[in-house]
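The chain below stands alone, shown as structure tokens; this is the form predicted on its own.
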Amino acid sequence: MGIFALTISPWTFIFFWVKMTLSVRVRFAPAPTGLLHIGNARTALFNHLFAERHSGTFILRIEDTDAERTTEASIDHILEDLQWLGIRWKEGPDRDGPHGPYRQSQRASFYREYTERLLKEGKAYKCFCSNERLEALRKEQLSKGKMPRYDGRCRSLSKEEINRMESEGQRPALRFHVGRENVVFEDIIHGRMRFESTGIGDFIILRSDGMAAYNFACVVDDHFMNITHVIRGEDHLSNTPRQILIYRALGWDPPAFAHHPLILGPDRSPLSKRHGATAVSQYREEGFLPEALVNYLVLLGWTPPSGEEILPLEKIVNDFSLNAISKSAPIFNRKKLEWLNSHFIRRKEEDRLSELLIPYLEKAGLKRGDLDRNRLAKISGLLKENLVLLSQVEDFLGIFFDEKFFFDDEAKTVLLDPENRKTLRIILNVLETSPEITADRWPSLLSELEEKTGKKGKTLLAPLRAATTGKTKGPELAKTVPLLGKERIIKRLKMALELP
């Protein structure tokens, strides 16, 4: 039997592409074995954007075939993080749909029917090899510089041998017979891809515990969920030829494939915990806004036609194209993400920003019921220019809330300077006979303080800031002082002058 290529021609691909864009159906299929990684969130985002761009359907499917590592908590976290990012699905595990169930652990009957069909047709066979033998085979092949692959030992077992081993209680896995077919397909991002059958080897489609293996379950699910485009990371490229072989063996048309490059860390190695936070929930807890994270993730490997870097979701949807995703792996740059986040924080309405800050205030010990919402909105408006992360509001709590007020070490250094103490006494005398401080009155008050102290600029404002805020850096003093009010400032000036 000669070697032949299983090929999807460019014209077939183009026809398929045009046809499928009329009724696009894509899916995001995470394994719930931990928190949602930002790399996986980017994959979900690309699928979501593609579906929205083509008025299609985005499906969420949970691939929970790894019973030992799957947790319900992980599923809940994944759904929560996706919703926080603004990614919505029309079909999924939390809602009814025409192609459910949407958890692989509940679809065993689907897999069983088609593994039995492949076995009956001679396209799959039972394998009784132990894990120990397979590991020894792998090590032997590696030691000889060969690519590890199954040697086909169980492919030639007789019915008698199979019956005997099963009667002894041995539970076989089911392997797909690859044969000598090479696989060629067109990837939307990478172009033509070719895989030699000699590098694939017969692979397991049903484990000995009766659970379908990833590549088989994925094909069956994608087929019956009418998936038109599979958009995923390029770490799945090696799975694609296996899946195409299964599609062909079952007489089904495969979907279009698009494998995007993975995110790399600054050292150009795969992004991992050693580079910092990798889970969506970690960025959420730090105080990144979902619109900032979405904006940043979509720009990792994709450039909009306009070349703009700050984009509303509506514009991203309108401009998004899989063809425009770069073949080169993007480098994660936290500073760029922080810059985007600070931009989106500044764009928030004061009332909305104050609501977003409340969880961080509560974490710091302030009680929600004790917070004056009008005052908090003013504080939020004042801090807009200073916050890169929402969680950084904790650094400024001492300025605005008396129970959190203290002089930090740098402020104490300023306040203990003899010349600065003389300046503070004069400021205190002026304020004690002065009317209430307002934003309108600040310029005239500043002029009066300059005249009475003989100081200007930093020599006047540095001790005033240190005494009234407890810090040497912070929001604009001209806006901070009126918000704090005369009574509070006088109290703090006296505290500063009492420092030993």
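Here the structure is a predicted model, which is why all the values come from computation and not from measurement. Just count from 1 along the sequence shown to find any residue number.
Not pictured, yet referred to below: the form predicted together with glutamic acid.
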Heavy atoms within 4.5 Å of glutamic acid in the predicted complex: which of the stretches 430-438, 460-468, 447-455, 29-37 has them? 29-37
Checking a candidate spot here: are 63, 218 and 232 all in contact with glutamic acid in the predicted complex (at least one heavy atom each within 4.5 Å)? yes
Exactly one residue in 343, 236, 103, 421 has a non-hydrogen atom within 4.5 Å of glutamic acid in the predicted complex; which is it? 236
Counting any non-hydrogen atom inside 4.5 Å, which residue from 128, 405, 203, 214 sits next to glutamic acid in the predicted complex? 214
